[in-house]
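Next up is one chain by itself, shown in structure tokens, the form predicted on its own.
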Amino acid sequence: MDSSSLSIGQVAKGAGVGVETVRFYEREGLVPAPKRRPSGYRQYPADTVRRIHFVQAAKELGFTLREIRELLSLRVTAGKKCADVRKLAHEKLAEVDAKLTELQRMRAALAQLAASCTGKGPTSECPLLDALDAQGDAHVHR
């Protein structure tokens, strides 16, 4: 094995992920399929660790595996511009904003329900549980 190729264990250790994660990323097309030694062992190029770090960083920003594949392809596709990447980033930002709005709505509703409960009495008389029951009934009758 030449000095610029890594075993799957070396890639996993260098990237701070498990061996199964490396295999998963390979199956998902996020890491190119490596060459194999005559023994069948995978030989990954040294830049595989950097690529996995890229995938992890993109995941932390909320990009899906499909979106990460698209980001990776933008880097190597002729004729693509930074504006193409910017467009994807703005689309993800709009998704995050929508999720934040929904989380704020959920928080406000939960805070209101929690405030309605004094914490006293039996659960059969709990206003929070009653409110959830009423909302559940409303969903059933839609």
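Throughout, we count residues from 1 along the sequence that is shown. Since the model is a prediction, treat every value here as computed from it, not as a measurement.
Beyond the structure shown, there is the form predicted together with the DNA, which is absent from this document and is the topic of what follows.
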property: Output flag, F54, L61 and H90 jointly within 4.5 Å of the DNA in the model of the complex, heavy atom basis; result: no
property: Heavy atom within 4.5 Å of the DNA in the model of the complex - the one residue of S39, T101, Q112, S73 that qualifies; result: S39
property: Contact of S7 with the DNA in the model of the complex (heavy atom, 4.5 Å); result: yes
property: Contact of R27 with the DNA in the model of the complex (heavy atom, 4.5 Å); result: yes
property: In the model of the complex, L129 touching the DNA (heavy atom, 4.5 Å); result: no
property: Partner contact for V85 in the model of the complex: the DNA, 4.5 angstroms, heavy atom; result: no
property: The DNA in the model of the complex - contacting residues of 15 to 33, heavy atom within 4.5 Å; result: V19, E20, T21, R23, F24, Y25, R27
